[in-house]
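Presented as structure tokens, the chain that follows is alone, the form predicted on its own.
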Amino acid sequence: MRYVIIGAGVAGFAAVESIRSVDKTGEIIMVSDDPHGFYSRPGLAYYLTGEIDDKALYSRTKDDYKELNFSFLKERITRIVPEQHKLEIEGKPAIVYDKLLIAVGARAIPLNVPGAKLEGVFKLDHLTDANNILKWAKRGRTAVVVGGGITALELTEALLAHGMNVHYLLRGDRYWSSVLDKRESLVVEGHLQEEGVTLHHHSDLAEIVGKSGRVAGIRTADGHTIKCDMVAYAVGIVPRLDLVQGIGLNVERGILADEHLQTNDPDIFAAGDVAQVYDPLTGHSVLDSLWNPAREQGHVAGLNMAGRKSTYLKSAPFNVTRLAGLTTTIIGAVGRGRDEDVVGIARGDSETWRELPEAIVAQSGLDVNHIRLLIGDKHLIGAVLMGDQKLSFPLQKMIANSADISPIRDSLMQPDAPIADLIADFWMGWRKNIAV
């Protein structure tokens, strides 16, 4: 049996591991045109700030690869031919497969403004982008950052770390208003301003101005101009669908896959950012752009490719990130819905079918210790924690397992309720009844 995986991200690598756990002798080939192979893409933010070096992005050793016994080919696939079970490669013989996994991820949506092709305009898709940003970022230079989600904020913090003067353009009246409440947005913005970032609200980028082929400044839609040496953007991501156009696979916003990660072609599977996976719990097929779901999808896809029937069940969205230096956990449905500013933005945001909660309660101590709960009739629907993370794991488990919070719901709803204490006490009793 020959298994071929297109893509060197976490979904593809997880598939290699799960295939090998079932099939000890089958041939596994991973193909990607990313010269850096498998590394932690979420770690790029910390690589950019200088908190880790490039070696720390690689969580697997040569011994790990040797034990998994698979081949990595740095090649660009030009065409998939399902009826012949083969992949055509630029300038090389075709590769024949028995089972194929497409895990090519997503790509950054390009800026669609005049001047977007000038030297000094950057996105953050992969390690090569990060290295290019580091080469360009110089102390004393000025940068403009465009985008409304986590990746834009990561770019802002990275450029600050390299001594740049940073202007941050926000389309709305506050940061990430679709996910954070007003107070949370203001906490993030306050920290950015303390670090020296100049915020521009209600600002749409209209044009990047160049001089001698390089960035020299920007102009906003309302005519405001900013002189700068660099523009970094994160305005959304879209699945990489070029390879699957016209080959007979069912495609909507991503490659449609069932709960076994199988497409309408029984020998082709899809996982990660490129896959639009059926969720049997909701009856919808959804895209997900988080690291952990991609890993879980790759794992399930690999098992099914190797003949071990397995089902992917989408868990409650769970994301730990850093917003302007504040460790922040976002669990479940916390937003008020999708809008044009955050759809698909950056790797930190996960698409979810949000429900309207019965109530929202919040508790704050210092600016860096904040908890917000979205409460349904009997269950917690979502949570945001900023700063102290002691309740992160308990809340994740309670939301994922639909814990019945009826015994404490009225107490949580009281003005100035000690939310953290109530949740901690409830957790101590509830956890005894489940396997955590």
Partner chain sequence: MSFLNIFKSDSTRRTVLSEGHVVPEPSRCVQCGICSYNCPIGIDVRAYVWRNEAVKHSECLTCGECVARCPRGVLRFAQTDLFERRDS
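Keep in mind it's a predicted model, so treat the numbers as computed, not measured. Positions refer to the first chain, counted from 1.
The form predicted in complex with its partner chain is left out here; the points below concern that form.
Checking 36 to 44, 22 to 30, 406 to 414, 373 to 381 against its partner chain in the model of the complex, the stretch whose residues place heavy atoms within 4.5 Å of it is 36 to 44.
Annotated contacts: 17, 329 and 396 all touch its partner chain in the model of the complex [non-hydrogen atom within 4.5 angstroms].
Interface residue among 216, 221, 320, 73, judged by heavy atoms within 4.5 Å of its partner chain in the model of the complex: 320. Using a 4.5 angstroms threshold between heavy atoms, residue 65 stays clear of its partner chain in the model of the complex. Interface membership of residue 389, defined by any non-hydrogen atom within 4.5 Å of its partner chain in the model of the complex, is confirmed. Although the partner is absent from this view, residue 136 stays clear of its partner chain in the model of the complex, with no non-hydrogen atom inside 4.5 angstroms.
Contact between residue 295 and its partner chain in the model of the complex is found at the 4.5 Å heavy atom cutoff. Contacts of stretch 132 to 149 with its partner chain in the model of the complex, defined by any heavy atom lying within 4.5 Å, are made by none of its residues.
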